[in-house]
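Given as structure tokens, the chain that follows is alone and in the form predicted alone.
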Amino acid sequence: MNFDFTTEDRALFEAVRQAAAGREGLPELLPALAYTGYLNPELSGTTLMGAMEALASLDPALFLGVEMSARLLGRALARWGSPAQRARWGAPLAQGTWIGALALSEQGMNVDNEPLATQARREGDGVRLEGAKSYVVNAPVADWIGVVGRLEDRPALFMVARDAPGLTVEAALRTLGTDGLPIAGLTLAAVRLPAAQVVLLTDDHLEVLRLWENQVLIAAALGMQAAALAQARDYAKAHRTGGRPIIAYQEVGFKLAEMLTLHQTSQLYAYRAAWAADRNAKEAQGLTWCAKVFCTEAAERVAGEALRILGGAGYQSGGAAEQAYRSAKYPQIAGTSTEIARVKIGDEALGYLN
């Protein structure tokens, strides 16, 4: 189990940072990232986790927009789509020419305890889709939305164009953090689609999609920690009080040491889970739940400690630590929430999931 990065991995991480530098929106960022190979749906394992952390440390909102487009929807098409469907939708997503969204959750932010109610019925040579989705990242800006539901007795992914008759996307939500992340609910009222826009899924689709989403949220938490820690460390070196840099004070040094420990432990959890998932290991799902709980909750703690070090400078809006502190709740409650993850971890420890 080797989590060390190769020269090629590190070159990719640096290329991702350079491609994202100064980019302010998905239409500008996605093509730049595509050039680096970052949007390739085959990218996986520790290489993917390291690349995602590099991007997430720059802007968590833009990172989530990228991932829900190219990674979540792109991987779904790569896994379950036909060659024609992969060419029609997967290729433009990987090239960054389209913005995608995956509509999964319905009543809340997760589907762990809620069966999917979005349904389609065959009608002529196509289908008629009805339902509603909530908290869909990229919904207000997506060119195509992949809606997860059921086609009679089969799970399916329905590719719906942004201008499809019967599709209504609600106004973007105002959120606590992840500033600028376009997230909204949508309704589907008698949306008619040709059969070519239906991707049939396997029965394990929810488990697979949740694992991918949780990986994205874990990486977001790693990026938040990295950004908050870097700001606090640099400030502690430069800011002086009592005639010396504040890093010289033991309490500040202790806080930085604890933040670094939490960040590096989070990385080990995340890389181990990603390594296991890349090998389809039996324990991959359980490791991912453990990483989800630890990494996302550590992000809030690291950001909070960074704000204590920064003092008034941290309380001002716009800094990395302030942004991380407000955004840290999203990866805790999205995907498999940390509360539900704890229940699943307990069930696995007791052997109920074996």
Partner chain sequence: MDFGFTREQLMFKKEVIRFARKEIVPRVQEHDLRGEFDVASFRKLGEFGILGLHFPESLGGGGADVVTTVLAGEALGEAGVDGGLTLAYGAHSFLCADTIFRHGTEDQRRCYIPKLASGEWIGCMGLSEPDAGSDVASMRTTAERRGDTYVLNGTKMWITNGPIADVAVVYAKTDPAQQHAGISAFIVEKGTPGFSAGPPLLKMGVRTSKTSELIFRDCVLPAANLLGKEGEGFLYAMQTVEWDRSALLAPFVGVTTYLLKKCSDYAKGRVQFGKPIGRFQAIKHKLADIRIFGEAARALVYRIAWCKDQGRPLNHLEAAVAKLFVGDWSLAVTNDAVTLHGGYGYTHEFDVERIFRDTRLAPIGGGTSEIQKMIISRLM
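Predicted model, so just to flag it, every value in this text is computed and none were measured. Positions refer to the first chain, counted from 1.
Not pictured, yet referred to below: the form predicted together with the partner chain.
Undergrad: Is the partner chain close enough to 30, 84 and 94 in the predicted bound form that each of the three has a heavy atom within 4.5 Å of it?
TA: Looking in the predicted bound form, the three residues 30, 84 and 94 all stay beyond 4.5 Å of the partner chain (heavy atoms).
Undergrad: For the chain shown here without its partner, which stretch in 150-158, 242-250, 165-173, 203-211 has non-hydrogen atoms within 4.5 angstroms of the partner chain in the predicted bound form?
TA: Answer to the contact question: 242-250.
Undergrad: Taking heavy atoms only, is residue 8 within 4.5 angstroms of the partner chain in the predicted bound form?
TA: Residue 8 lies outside the contact set for the partner chain.
Undergrad: Within a 4.5 Å heavy atom cut-off, is residue 333 in contact with the partner chain in the predicted bound form?
TA: Heavy-atom contact with the partner chain at 4.5 Å: absent for residue 333.
Undergrad: Does any part of residue 258 reach within 4.5 Å of the partner chain in the predicted bound form? Heavy atoms only, please.
TA: The answer is yes: residue 258 has a heavy atom within 4.5 Å of the partner chain.
Undergrad: Is residue 198 close enough to the partner chain in the predicted bound form to count, meaning some heavy atom within 4.5 Å?
TA: Residue 198: no contact with the partner chain in the predicted bound form.
Undergrad: Going by heavy atom distances of 4.5 angstroms or less, which of 88, 237, 122, 79 would be at the interface with the partner chain in the predicted bound form?
TA: Of the listed residues, the single hit is 237.
Undergrad: Quick check on this chain: which one of 58, 310, 287, 26 has a heavy atom within 4.5 Å of the partner chain in the predicted bound form?
TA: If I apply the 4.5 Å criterion carefully, the residue I get is 287.
Undergrad: Scan 272-297 and write down, in order along the chain, each residue with a heavy atom lying within 4.5 Å of the partner chain in the predicted bound form.
TA: The stretch touches the partner through 272, 275, 286, 287, 290, 293, 294.
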